[in-house]
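Only one chain is shown below, in structure tokens, and it's the form predicted alone.
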């Protein structure tokens, strides 16, 4: 019972819903999420930490960069998430986020680090 309550609590915030939608297709660097949501890194990291504690996302660190992806879920939770994603896909904010993600670029070369992986191309373990 507590697992489903945790899932619904995690889904009860618009920022977390946006983040989940953005990581649903594969790994994405926090720097891209900052650009898409047009907010600061601490706010994004706080919400991602919440999603990680809820067991919805996995993370890996590469240098200074954190990469997140959606974790595999039990069948019943996956069904709920998929229904949420289907509904979110029609939301104007999500459509705007997806378009912004296609155009966003971060510049880790400023810090002497190679570019982080583009969304959906990473090695995040979604076990």
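Positions refer to the first chain, counted from 1. Computed from a predicted model, the values in this text were never measured in an experiment.
Not on display, but discussed next: the form predicted in complex with a further copy of the same chain.
In the predicted bound form, a further copy of the same chain sits within 4.5 Å of a heavy atom belonging to residue 87.
At a distance threshold of 4.5 angstroms between non-hydrogen atoms, residue 22 is out of contact with a further copy of the same chain in the predicted bound form. Under a 4.5 angstroms non-hydrogen atom cutoff, a further copy of the same chain in the predicted bound form lacks residue 54 among its neighbouring residues. Using a 4.5 angstroms limit between non-hydrogen atoms, residue 104 is distant from a further copy of the same chain in the predicted bound form. The stretch in contact with a further copy of the same chain in the predicted bound form, judged by heavy atoms within 4.5 Å, is 77-85, chosen from 41-49, 55-63, 77-85, 23-31. Contacts of stretch 39-73 with a further copy of the same chain in the predicted bound form, defined by any heavy atom lying within 4.5 Å, are made by none of its residues.
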